[in-house]
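Here's a solo chain for you in structure tokens, the form predicted on its own.
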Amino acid sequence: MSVLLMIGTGKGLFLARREQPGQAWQVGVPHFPMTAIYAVGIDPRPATPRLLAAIDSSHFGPSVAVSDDLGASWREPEEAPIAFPAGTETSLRRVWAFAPGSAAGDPSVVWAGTEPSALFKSVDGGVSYELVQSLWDHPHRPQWGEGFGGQAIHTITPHPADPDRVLVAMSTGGVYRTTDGGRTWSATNTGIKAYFLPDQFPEFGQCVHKVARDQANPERLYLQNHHGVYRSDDDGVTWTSIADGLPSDFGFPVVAHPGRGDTLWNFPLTADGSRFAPDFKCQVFRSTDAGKSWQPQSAGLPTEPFYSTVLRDAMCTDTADPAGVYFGGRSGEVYASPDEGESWERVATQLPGILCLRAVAL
């Protein structure tokens, strides 16, 4: 089974292909060279998956490119595909996330999260977008803070069976959820700690790093916080800690199995003030019981001290069975596991710093 891996870096987008398990990965030359690619997306709903890339040019500004031939060609609209309306007196800094719409909804819907923190919706497959005004007008927005990486909506998780239910997360601000198609939004951070605030369990203001939805049980979600790993069993309304068994509760990514329930992966870092893997060991941690227990996975990963950082979108799974798992570091190395983390192989080395990854089985 062929797999396509999108690798967004600080100096362009790289596409890697592997035609069959066990074969070597082929990594192409950079698309959009010398531009930062902070978000990539794969919409698997068309016959040929549509690829999306958020281009952050220091000269031309941010834009979105789309490919319908697996990266052989790209197109950008003449007008900015994502832009704030004039009345907002705000300009787009960059795009941080893409998410295809609910499997039960309109197949042309694509969501995008941006910096500053805003949600945009496309009804033409990700070519053009409109601001979701209801979230922008939320009374909490003036108090949303800016994390070290910027003030951005970085997570969008539509409910696969109900197009009216969408959950987003931002840093900082926390988790917000709509159940009426985006007409209204509620902060849903009950149980998530913000240790850096006087009230450590506020209604909003948490520095959530990433959220992943359990694909077999979509009411269940997993969350990596700024110190804290959590699970929700009620579609993000309340959260409980699942950090016991991990070497640290700090980190950036969390990803869920694409088909099997209760299985997720995490890449811990020591602490917010020490952003290195615990004991400088390159290890991924997997849980197969929804976070009740965790097992390290490192077969094939570097055994020498590992000093790189894995960012929130620099870890992903593909849609194969068994699932492939991928991560990349700021040092420019990308690793893949074809067997759900049991063994690892290097996809690429000496790339620019890895910002985001997405993969799909073809």
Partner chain sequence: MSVTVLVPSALRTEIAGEKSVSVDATGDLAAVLAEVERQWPRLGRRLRDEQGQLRRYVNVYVDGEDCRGLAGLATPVADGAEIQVLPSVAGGSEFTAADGDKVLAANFADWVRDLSLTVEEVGADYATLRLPWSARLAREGGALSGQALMAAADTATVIAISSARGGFGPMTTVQLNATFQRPVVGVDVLVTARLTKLGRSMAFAQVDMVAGGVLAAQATTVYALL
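Numbering follows the first chain given and starts at 1. Fair warning: this is a prediction, and the values are worked out from it, not measured in the lab.
There is also a form predicted together with the partner chain; it is not shown, and the following applies to it.
Mapping the unseen interface onto this chain, residue 61 counts among the residues with a heavy atom inside 4.5 Å of the partner chain in the predicted complex.
Under a 4.5 angstroms non-hydrogen atom cutoff, the partner chain in the predicted complex lacks residue 240 among its neighbouring residues. Although the partner is absent here, residue 83 lies within 4.5 Å of the partner chain in the predicted complex, judged by heavy atoms.
In the predicted complex, residue 76 approaches the partner chain with a heavy atom inside 4.5 Å. With the partner omitted from this view, the residue of 178, 90, 283, 248 that lies near the partner chain in the predicted complex is 90 [heavy atom within 4.5 Å]. Checking 250 to 258, 178 to 186, 90 to 98, 159 to 167 against the partner chain in the predicted complex, the stretch whose residues place heavy atoms within 4.5 Å of it is 90 to 98. Contact annotation for 283 to 311: no residue has a non-hydrogen atom within 4.5 angstroms of the partner chain in the predicted complex.
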